[in-house]
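Two forms of the same protein chain are encoded below as structure tokens; each is given separately, as structure 1 and structure 2.
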Structure 1
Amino acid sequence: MMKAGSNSPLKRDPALLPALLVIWAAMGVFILYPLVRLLLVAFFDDGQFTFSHIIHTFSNWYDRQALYNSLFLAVTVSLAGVCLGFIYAYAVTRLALPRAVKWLLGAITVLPLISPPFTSSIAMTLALGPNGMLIKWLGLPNFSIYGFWGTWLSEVLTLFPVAFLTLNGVLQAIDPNLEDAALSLGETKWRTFLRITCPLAVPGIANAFLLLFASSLADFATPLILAGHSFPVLPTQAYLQITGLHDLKGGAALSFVLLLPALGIYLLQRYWVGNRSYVTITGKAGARTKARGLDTCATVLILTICLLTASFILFLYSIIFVGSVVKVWGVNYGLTLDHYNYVFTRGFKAITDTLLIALTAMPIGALLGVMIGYLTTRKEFVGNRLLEFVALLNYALPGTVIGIAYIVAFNSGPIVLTGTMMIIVSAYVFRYDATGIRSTIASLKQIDQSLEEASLSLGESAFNTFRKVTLPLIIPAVSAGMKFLFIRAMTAISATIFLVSVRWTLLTTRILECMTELQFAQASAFSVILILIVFTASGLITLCFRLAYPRYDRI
């Protein structure tokens, strides 16, 4: 649409160049520089370039197995997670459900995102592990939860909400008028779904798939508890190499291997989404009609799936809740508030620190996410795609490695940040902004550029066009990105293990600590508090957006 030449975007929009410079500077400092410093550590010995560390680790069958397992896990988790996320998003946006049920479905999907994987993995072993409660109650045959199945199930549950958040915005944006048109032309409901709704949701599906693939590939906490020795994966292996065998070089080298599949999936999703048009929001639509949904049979199926997963999630979290209020799980089920007392005395600093960091990271991340998403889809400039990919780098690497890279880079040299709040904030912003960027990109693909062009030709400035025309249309994506960043800032664990300091401690590291110190009850109490904070914050974010954009829900 935008052609180079006399009408080049740089001339039309004089703010583009400075904005790009600022973004590249920020990404240079917080994404590229730490990775380069770590690459030097991993691939150089006494100034000599070497592949020896990576060759040494991959000469080991166990590490090769870990690579295959990681890929297999990432593919199966993202397939299942995107399906489940789509089903949930479809139920919320297309089925005629009471508002309360929709709200409840949305709220339940947030649960697995909130609690750090450690607590939910432990709850899962208590439910489905050897002698697990669910296994006993339902009379299921004893299967081994440790290994592929446990890790897969746990990751699907933790990650499908990411797909839900992305797809929810996208499905909301598809005008039901289009579906109505197909129906009135004599298509069946099912064919309308397959030929209208699904294809239009492709940008959302592709971006959700990319996000899930990258996070599963980089996840180390779930396999740490559930994969056991029979199902090694790369991020866990890298962590073990660093902490167990004191081999930083080998661990870092191992992690960089993960960038290849991430790049592959990124290119695949670009190819899939391609340059086809997914525009569904134009200036021409009349009043929106009510969504019609699918036929009864499919509706029942969708609702059953939602109900089953929702009850399983609720069951897991009730284990955590009960664990936090009983004296000793498995021994003494007398009620007590002692564990909360511990949380509010010994753990209070961790709570306030975490909140402060999350509240700082959220607005910065939201601004940056919208800017990068907007610039890469709407403006054409050199290095457009590169910018999009670099913004994804930190998301695709194991958090442990990002944490180590940040210490290596920011502990000495030109920029010293260790021990500060900023090192944690920037780690979160540049690692978890990927979600905000991806959902912004997915939403923008649906909006007809002629809307913005109309505004521009009427003499509005680029910024005012963005603020008055574009922003209101992508608000669901922005709010999803902000919520996700806040939640991740409250719950991320892998990167922060190496970034917390005597001055800044975090809730999740305290939870992990309680788990390793065998304090299941205290860990559960911390998790419950965390869940309450995130729910409150998430509600407040929605409220703010509703006040600022009254049509928020209907866009």
Structure 2
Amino acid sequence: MMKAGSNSPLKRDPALLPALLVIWAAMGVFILYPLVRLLLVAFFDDGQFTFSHIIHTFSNWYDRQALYNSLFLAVTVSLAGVCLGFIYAYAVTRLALPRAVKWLLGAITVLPLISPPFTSSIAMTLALGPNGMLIKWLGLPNFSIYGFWGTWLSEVLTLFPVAFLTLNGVLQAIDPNLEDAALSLGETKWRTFLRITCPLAVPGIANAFLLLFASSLADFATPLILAGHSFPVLPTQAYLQITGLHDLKGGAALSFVLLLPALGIYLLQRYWVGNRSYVTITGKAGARTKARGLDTCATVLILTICLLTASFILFLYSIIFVGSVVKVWGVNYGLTLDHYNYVFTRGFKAITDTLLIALTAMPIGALLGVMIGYLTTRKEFVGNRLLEFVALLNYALPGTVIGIAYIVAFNSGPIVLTGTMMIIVSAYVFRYDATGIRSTIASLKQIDQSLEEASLSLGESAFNTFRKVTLPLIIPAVSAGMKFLFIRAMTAISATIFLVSVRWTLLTTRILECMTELQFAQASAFSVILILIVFTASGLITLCFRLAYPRYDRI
């Protein structure tokens, strides 16, 4: 595996081989082994290779409809989410708005990111479902939020912040001097936007589209609450195939069908990102001018869209809070704290279990993310790119596929983990350490290796060089990876819905149980507590890093 010869990386760095062996062993058990077992279940029956399960899946018109619906939903959500994210990012980076307004627009987009994926679904059910507030106000007794449109709207509101964050960085990187030069040559603002800004933002737009497509394709909770039987999608079909019909082979076959487009998108994304240059700023650039934006009509239109969207998001989250303190939504709006009493008594185990699992997964995932990011960026060895590809594979696949693969792999020998805390922690660590890996790689690529070489030439060991030189410079990336992993460990459900047991209960599964039992008030109270925990923990993580590294904000 390793390069031979006197200049072998093994001889230059004796710690490299043990580190690679540990990482590959862990990824072999928790990434590759479950996927291989999933494929064996989908393609083998009584020891014989067969396509019968896949053929049965495609012969069922309901499953074919679920595949078509999943792809159609993913495309439409991606298009709308990218448009909305671009408008938001353009408003924040290119319009002359007060700083407070820009901060408010950015802060509101964070809400869907730190909430359980079905929070907007709960709010929309309370607002537009049976006995919904808006339904009564608007006088639409026959309106139904269930089906395609409800699922589409909820996913767009939940996922467009991902496009906003992606495009915000891309638009910030585009030097306004380029647009200023076009304007000084006589171009109009619209032609400058279409011929300068948009082409430079195309890689970011494509990347955001692929991210949203994969996220929508993998979304499990929103369709489960809002899609209903009239709009089946593959993730919920696979879940119902296993939990409702107890058909593990059928669920594995549906997972394989879901795996193909997700894997295709992952490969396309890596090809796109890896073969294009995004450089728009060089060390020879002069002072940046202020962005001039678009004409007045376009500016008013952009601000109107942003403010309406922000208002609707705040309205939905207000409904969640109000729904948690009224007696019976739609019937008795008298105030009560009984639902919070329910959360802190009958739901307290879910709070402690979720916190324990998240706090266990966070440091393990952060350490693994830093190790993989550092090795793939700073060390040369055979299989470097393969290591990064496999490490990010679980994040690219739908959570439903990961959950089913873990059940197939660890429900029977040789490794039995079903019902344990370890199986949930492992699913989180090897699925959500991707952000830590990517952010570590991005940070390391911005750091000149001469800094580390200088430390080594002065006699410091490789470990001390990493601890004293490299680690302080990538602390923001480590912090971001830890916060993301903690948030996802607190809010994820698509994979863990298959892994929870009587011994381990999670907040997200309790919220989903309340929704399916029409206990909307209890579901809202659980959601409010979950959001508060995530907000508080995220702030504490940042505070700890600032105390440990006083230069944290200046890195």
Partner chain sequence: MKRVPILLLALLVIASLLLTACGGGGATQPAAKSNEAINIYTIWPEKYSSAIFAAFTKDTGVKVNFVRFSSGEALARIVAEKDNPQVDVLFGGPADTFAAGVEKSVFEPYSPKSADKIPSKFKDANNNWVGVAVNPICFMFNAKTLKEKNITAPTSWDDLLNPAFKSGLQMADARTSGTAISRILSLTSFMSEDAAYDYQKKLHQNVQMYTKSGAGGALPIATGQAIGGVFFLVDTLEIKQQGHDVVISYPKEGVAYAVEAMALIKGAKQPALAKKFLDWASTADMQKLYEANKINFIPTNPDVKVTDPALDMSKVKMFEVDIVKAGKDRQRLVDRWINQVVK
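Remember, it's a predicted structure, so these values are computed and weren't measured experimentally. For the two forms, the rigid core is made up of the largest set of C-alpha atoms that agree within 1.5 Å on superposition. Residue positions are counted from 1 along structure 1's sequence.
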**Request:** Eyeball the pair and call it: which is the form predicted on its own?
**Result:** 2
**Request:** Specify which of V41, S144, F344, A26 corresponds to the hinge in the chain, comparing the rigid parts between structures 1 and 2.
**Result:** V41
**Size of the rotation between structures 1 and 2 [smaller rigid part against larger, C-alpha superposition, degrees]** = 23
**Message:** Please give the CA displacement of K136 between structures 1 and 2, in Å, after core superposition.
**Reply:** 10.2
**Prompt:** In Å, how large is the C-alpha displacement of I313 between structures 1 and 2 after the rigid core is aligned?
**Reply:** 3.5
